[in-house]
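Just one chain follows, in the form predicted alone, and it is written as structure tokens.
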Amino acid sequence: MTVNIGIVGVGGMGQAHVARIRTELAGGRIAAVNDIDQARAERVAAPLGAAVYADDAQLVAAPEVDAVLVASFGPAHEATVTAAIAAGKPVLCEKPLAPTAAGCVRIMEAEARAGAKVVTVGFMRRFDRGYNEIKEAIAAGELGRPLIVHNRHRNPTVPQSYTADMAINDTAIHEIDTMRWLLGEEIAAVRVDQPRPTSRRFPHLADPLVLALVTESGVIAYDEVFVNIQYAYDIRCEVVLEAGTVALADQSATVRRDAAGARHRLTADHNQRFGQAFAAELQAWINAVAAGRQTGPTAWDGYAAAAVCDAGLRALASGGLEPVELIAKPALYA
């Protein structure tokens, strides 16, 4: 079975997904395209032979669309996802599922009314080989219980439109979900520290930030978010356990040695660093849609991450430790 996919949003992330589906993956094709920029939608759709729709609701309702891939601007996600749920069409939504926990609750309520899980959230790090090896090492138990986690999320730069809240709900949200998944428990509280700011930033931006995520059992996961570090896109994770540590290795296949020294290539962006994970995530979703089931992070995972982000924004304002407020997990996700 070929899964006919309608994609909403074909900016950088959406176009990267289109390229993967077209050249790397099996079982899926882009059948329809929608974007706020009509001309861009038409440029992307033309070589695919895909239909172009003026708005996302038309695309979701289109008979040739079996499943929906949402890669639009975060605040637009909720409307598209709820429309897909109402139409009974599986949907893969890039993070965030919605910008706030309240929006995610509305999405879960829509799934509850439909009586089925059709939403998958694009937390691609769950498909990264390195993170999966860390998870396996924790599960093996040979090094005891995890106690502390050190995360680093470093971008070379961000546009002027980037704001301090985005460091939490658009950037740190990746580590937030990854920590829930790696450690197998919810995050109970958040503190946000503001170190001395870099001079290489826009005046309105607090950068870097350091989040302290406290889990239900008391593990503290630190997350340095530094989005103007200049040199590369650099993702780090080290788990400190009772009898050892497990950490992501540098993502290098070769090392160059010459008169300037020994060095290896660093990735420039998320598509370079997590290309394998994105491909694995998309392939798993296409396979699940073809099999008539849901796979990967659910709407509950999108909600739980958003609830931590909400607490993080409160902590950014208060400077204190803020509790994460979660509703009881609905039966659909139990």
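A residue's number is simply how far along the shown sequence it sits, counting from 1. Quick caveat: nothing in here was measured; it's all calculated off a predicted structure.
What follows is about the form predicted together with a small molecule, which we do not show.
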Single option in Lys95, Arg191, Arg126, Arg180 placed near the small molecule in the predicted bound form, where near means a heavy atom within 4.5 Å
Lys95
Note: the small molecule not shown here; in the predicted bound form, the stretch from 191-199, 118-126, 139-147, 246-254 having heavy atoms within 4.5 Å of it is 118-126
Interface membership of Pro323, the small molecule in the predicted bound form, 4.5 Å heavy atom rule:
no
Please tell me whether any heavy atom belonging to Arg154 falls inside 4.5 Å of a heavy atom of the small molecule, as the geometry stands in the predicted bound form.
no
Considering non-hydrogen atoms and a 4.5 Å limit, does the small molecule approach Asp170 in the predicted bound form?
yes
Test of understanding: in the predicted bound form, would Glu64 fall inside 4.5 Å of the small molecule by heavy atoms?
no
Triplet Ala86, Pro90 and Gly292 all within 4.5 Å of the small molecule in the predicted bound form via a heavy atom:
no
